[in-house]
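Here we start with a single chain on its own, the form predicted alone, put down as structure tokens.
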């Protein structure tokens, strides 16, 4: 059995990352989102992680620096997503490896929190809580329960706030 390796994406990984998203989501919207974000100032290759298994890219997660605004102040947190695992490789812990690597990367880079729009039950296992419980909202037209977050630095989300996802995410919705 091969070990899962998580590492930052390289330019050579781009096509394989597209294939992961297209196969996982059954369409091109998420792959297109990643391509659009790569062209934006919000993109940082160090925050784009791939999972390799047996020398093949089988998963990808993108972290994007986004502002968290409240009462005239602003700090930056990381938005996790899209995250995908090739369907034939699901249930092998690849998604877990990508999320844990994302949390560790956020700690290394000094970010105070990670937000994610996704399945709350899934992310709860990694210490994410409902954003509404800490008075955090976002600009995407998604169900309130779908937004979860994890504080990396204790107290970073005290007082709540509003996460402003980049226009590329807004266009997806």
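The structure displayed is predicted, hence computed values, not measured ones. Positions refer to the first chain, counted from 1.
The protein also exists as the form predicted in complex with a small molecule; that form is not presented, and the subsequent description refers to it.
Using a 4.5 angstroms cut-off on non-hydrogen atoms, would residue 144 count as touching the small molecule in the predicted complex?
Output for residue 144 is no: heavy atoms all beyond 4.5 Å of the small molecule.
Taking the small molecule as it sits in the predicted complex, is residue 37 near enough to touch it, meaning that at least one heavy atom pair lies within 4.5 angstroms?
Residue 37: no contact with the small molecule in the predicted complex.
Since only the chain is shown here, I'm wondering whether residue 107 would be in contact with the small molecule in the predicted complex (any heavy atom pair within 4.5 Å).
Result no; residue 107 lies far from the small molecule in the predicted complex.
Within 4.5 Å, heavy atoms only: does residue 119 come near the small molecule in the predicted complex?
Answer yes; at least one heavy atom of residue 119 falls within 4.5 Å of the small molecule in the predicted complex.
Taking 4.5 angstroms as the heavy atom distance cut-off, pick the stretch from 107-115, 66-74, 134-142, 121-129 that is near the small molecule in the predicted complex.
It is the stretch 121-129.
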